[in-house]
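Next up is one chain by itself, shown in structure tokens, the form predicted alone.
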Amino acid sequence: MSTLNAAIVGLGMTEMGKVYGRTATQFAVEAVGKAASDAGLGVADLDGLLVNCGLGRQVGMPLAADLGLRDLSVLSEIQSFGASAGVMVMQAAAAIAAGQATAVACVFADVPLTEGKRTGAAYADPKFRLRPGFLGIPPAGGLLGPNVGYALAARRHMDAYGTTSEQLGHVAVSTRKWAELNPAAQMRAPMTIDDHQSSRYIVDPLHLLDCCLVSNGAIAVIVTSGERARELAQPPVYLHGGAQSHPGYIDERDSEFGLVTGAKKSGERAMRMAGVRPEQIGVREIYDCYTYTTLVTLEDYGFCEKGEGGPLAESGALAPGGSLPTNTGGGQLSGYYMWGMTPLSEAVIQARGQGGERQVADHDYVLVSGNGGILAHHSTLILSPHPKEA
């Protein structure tokens, strides 16, 4: 059996955002239950469980017991940060192809927000960032947290290619336009370039509206074989291609950090596996922890030339009605922040044709991008509502 003979058949999403009073485990149990029900299965029908905890690391393999699952064939925790959702789907597909499991739940859950505390405090806690030895030198110098690392990357892209803050703003505005069409999005009020430019700086050159949301909640998907998928409740979303890349940037002369990401290698491999070219992709669900990552990732996937991501965003191509619909649920900038499950969940919705007002007509191929750490880990999936031809 090919590792590509797999499909996503269930999607479960909890309430997301500033939702307090629940644990990550409680969110995860709800999401898995919803995903199983969405597929027309019971939780007891699952024989595989892959778990990705968020920053709080409050959920893991003990989730199986919380779900009442016993005698599982596959059970593991996956951690490639924002790339984890894609990695989990690939691992589930491989287990199914090997005959090790028949229905695998992949779930992300996190509760980084605490009522009464600033949203930014969720990812600013030094205990998550300080490292011993030489690895501790950058944090000791002030390079603490993802905002600083991504600001450095964005600034390098701006210096190398002339990308402007206004062009980053066009990413935020186009993403918000999609969010306006998504009832599940956290931020649906219209946004203008002036709103972006006047929002406060977080770390120069990144404004507040260049940065993603922070959300409590959980999302789960169910992966099974292509044959079984066709017997279940929802339209199958078939896996046509998938790949990872972990660049391992180091601080040295001629490093590509900020200019080229793991999207390039993982995208090339995933599209080659799927037998598609960038121009055949109808929907792009990009990991947009920052506006800059949307630009550089689109470049690396080949949707425009290197350094042309800014003008591409400025043209309106990424917005509703544009030639390259991107982050159609509002992404992580305006929709909800469930790490790699944000782009994956919207990809499933689009591939099924269930996007309502925001549904993209050409959804034969949907690209899903994951990005973890500070451009350290990348995953790419190519999904389709059509079975992959042998």
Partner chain sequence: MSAKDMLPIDRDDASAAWFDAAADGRLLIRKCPAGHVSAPHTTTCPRCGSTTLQWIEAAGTGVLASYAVINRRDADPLPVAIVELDEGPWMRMQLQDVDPASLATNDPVEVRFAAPEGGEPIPYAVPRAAG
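Positions refer to the first chain, counted from 1. Just so you know, these numbers come straight off a predicted model, no measurement behind them.
FYI, the form predicted in complex with its partner chain isn't displayed, but the following is about it.
Colleague: Name the stretch, out of 162-170, 264-272, 70-78, 251-259, where some heavy atom lies within 4.5 Å of its partner chain in the predicted complex.
Modeller: Selected stretch: 251-259.
Colleague: Can you check whether G116 is within 4.5 Å of its partner chain in the predicted complex, heavy atom basis?
Modeller: Because no heavy atom of G116 falls inside 4.5 Å of its partner chain in the predicted complex, the answer is no.
Colleague: Against its partner chain in the predicted complex, would A189 count as a contact residue? Criterion: heavy atoms within 4.5 Å.
Modeller: Heavy-atom contact with its partner chain at 4.5 Å: absent for A189.
Colleague: Should D194 be classed as touching its partner chain in the predicted complex when contacts are defined as heavy atoms within 4.5 Å?
Modeller: No, no contact at 4.5 Å.
Colleague: Indicate whether its partner chain has at least one heavy atom within 4.5 Å of a heavy atom of R156 in the predicted complex.
Modeller: Because a heavy atom of R156 falls inside 4.5 Å of its partner chain in the predicted complex, the answer is yes.
Colleague: Identify which of V203, A243, A184, V276 has a heavy atom within 4.5 Å of its partner chain in the predicted complex; exactly one of them does.
Modeller: Flagged contact: V203.
Colleague: Among G307, P139, P235, G316, which has at least one heavy atom within 4.5 Å of its partner chain in the predicted complex?
Modeller: It is P139 that has a heavy atom within 4.5 Å of the partner.
Colleague: Taking its partner chain in the predicted complex, which residues of 143-172 have any heavy atom within 4.5 Å of it?
Modeller: In sequence order, L143, V148, A151, L152, R155, R156, D159 come within 4.5 Å of the partner.
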